[in-house]
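Heads up, the chain below is alone and in the form predicted alone; it's given as structure tokens.
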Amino acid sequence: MANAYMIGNQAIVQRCLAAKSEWDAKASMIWGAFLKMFIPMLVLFPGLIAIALHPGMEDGDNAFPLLVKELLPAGWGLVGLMFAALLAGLMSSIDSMLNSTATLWTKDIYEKYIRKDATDRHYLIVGRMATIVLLIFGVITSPVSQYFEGIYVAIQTFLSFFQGPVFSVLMLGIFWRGTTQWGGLFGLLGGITVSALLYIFKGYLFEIEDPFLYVSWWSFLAGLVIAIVVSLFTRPHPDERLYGLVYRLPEPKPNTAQVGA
């Protein structure tokens, strides 16, 4: 399921739009995916060190700042540098999510369904307003994280609701030309519903306390099956609309009669 982050995360995919060529976009995605493989080690080792130094620690969110305070030498400025790097990374992730979400709202919903013929400056203002609203919403809903064991568990739990279903629809649309818009819609909604049900009844279905990986996997399979079934009973799109979107779909041949005319 780790591929869902590099393929289905709007904040990641949107960066490829700034690439000079298709090759640069592919190379950047592969390089980013390679670096992401080291994240589990970066997350795991500080936690193991904290457990070894402080076996009775109750709140895992205190592990990293405690290690920074105790292990980094004082008087060298390394503590301040570490927290500056931490805040810089946090701000980078937040502004990427805000930018991508505001772009989705402005381009895919507002411009398409609410106001189609506005100026670029109008859409720019709408995007900025959406960013402010999203930021305020995030601040208001931030206390929800206190109901989880830590911030990491809260983020992974929220992602598990959407990661699997979104990934299933994207993968099916990329590799199967028979996928329809209704199949994708019902696959997405059905997968999210399965995610919610799995989380609600997690105490009866799973043995571990935080089964967000299992929720992502089973919701991925549910979204895949629902999308396939619905697509089989709905009309597929013509190949002319799918060229460039479906993997290895041959380019449509020009109509020889029209060319001769």
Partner chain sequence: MLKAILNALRYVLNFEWLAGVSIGAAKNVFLVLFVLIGILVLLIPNDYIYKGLKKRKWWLNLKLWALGDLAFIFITYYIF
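As the structure is a computational prediction, the values presented were derived from the model and not from experiment. Positions refer to the first chain, counted from 1.
The form predicted together with the partner chain is left out here; the points below concern that form.
- Note on the interface: of 227-235, 22-30, 66-74, 49-57, the segment with non-hydrogen atoms within 4.5 angstroms of the partner chain in the predicted bound form is 22-30.
- In the predicted bound form, the partner chain sits beyond 4.5 Å of every heavy atom of Tyr199.
- Contact check for Leu205: a non-hydrogen atom falls within 4.5 Å of the partner chain in the predicted bound form.
- Mapping the unseen interface onto this chain, Phe220 falls outside it, with no heavy atom inside 4.5 Å of the partner chain in the predicted bound form.
- For the chain shown alone, Val43 is not a contact residue for the partner chain in the predicted bound form, no non-hydrogen atom being within 4.5 angstroms.
- The candidate spot formed by Met37, Tyr214 and Tyr247 lies fully in contact with the partner chain in the predicted bound form, as each residue has a heavy atom within 4.5 Å of it.
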